[in-house]
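What follows is a single chain, given as structure tokens, in the form predicted on its own.
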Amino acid sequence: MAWSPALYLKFEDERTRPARDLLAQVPDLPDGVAFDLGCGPGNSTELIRDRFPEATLSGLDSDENMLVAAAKRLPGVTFEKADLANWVPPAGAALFYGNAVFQWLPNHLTIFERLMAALASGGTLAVQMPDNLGEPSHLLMEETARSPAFTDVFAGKTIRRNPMPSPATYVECLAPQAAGIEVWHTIYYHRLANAEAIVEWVKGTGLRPYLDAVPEDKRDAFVADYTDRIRAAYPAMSDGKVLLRFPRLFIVAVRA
């Protein structure tokens, strides 16, 4: 299954808020290119363009559908296909900005060191990553996968992404090259229409690898099972809506 810009942007306001909160903590940039790493459909790239209109801007993503959507949204910006796991950043960059992408890369500490080394003095590495593996939304993906109806599909497979290191680990990784580092968590509470809306949200991100692993003729059953579990875990409030708790980790490091 390919990434779906339309599905991702179904909750554009909610998804863009942490991107905006991250960018608000980025200081003025030196001369150099500003890179949006894992730019997706361009919603975060647009924020960078508006904040730093004089900067040369480039967006990178590994998915063709996302790049097409981003180029349509921002026709004046350069977008390129790249795998961040082995992408070699050019020296002298002003900004490496990664919104909700590096949680997918188990070796991202090594990547962060590489990115810091490529920044110009005074340049910034700014990263936001979902830190929600302990939330019901994600625990129930794994619970559904391990249920009797799907044990044959997931036997011997590891779908769940790796837990992130501690904040101290990030600080120790970045400190040798940084003039300053800020690390913090923010917990967002998204008020969504119902349990089905939570499922639609995660279909665009965390649930996708599970659905990729399920044969097409079993996907509807998997989604239905997962939705039942979500409905029990996120009871409706008095107005019928549900509250999705969503912790995120933020890192802003300025190159010495």
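Everything numeric here is computed off the predicted structure, so don't read it as measured data. The first residue of the shown sequence is 1; numbering continues from there.
Absent from the display: the form predicted together with a further copy of the same chain. The rest refers to it.
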(message) Given that a further copy of the same chain is not shown alongside this chain, does A175 nevertheless sit within 4.5 Å of it in the model of the complex, heavy atom to heavy atom?
(response) yes
(message) Under a 4.5 Å heavy atom criterion, is A85 part of the interface with a further copy of the same chain in the model of the complex?
(response) no
(request) Answer with yes or no whether F52 is in contact with a further copy of the same chain in the model of the complex, where contact means some heavy atom within 4.5 Å. (result) no
(request) Classify A117 as contacting or not contacting a further copy of the same chain in the model of the complex by the rule of any non-hydrogen atom within 4.5 angstroms, answering yes or no. (result) no
(request) Choose from 103-111, 167-175, 119-127, 138-146 the stretch whose residues reach within 4.5 Å of a further copy of the same chain in the model of the complex, heavy atoms counted. (result) 167-175
(request) Go through A71, V183, V153, I159 and name the one with a heavy atom inside 4.5 Å of a further copy of the same chain in the model of the complex. (result) V183
(request) Determine the residues of 218-238 with a heavy atom within 4.5 Å of a further copy of the same chain in the model of the complex and present them in sequence order; the list may be empty. (result) M237, S238
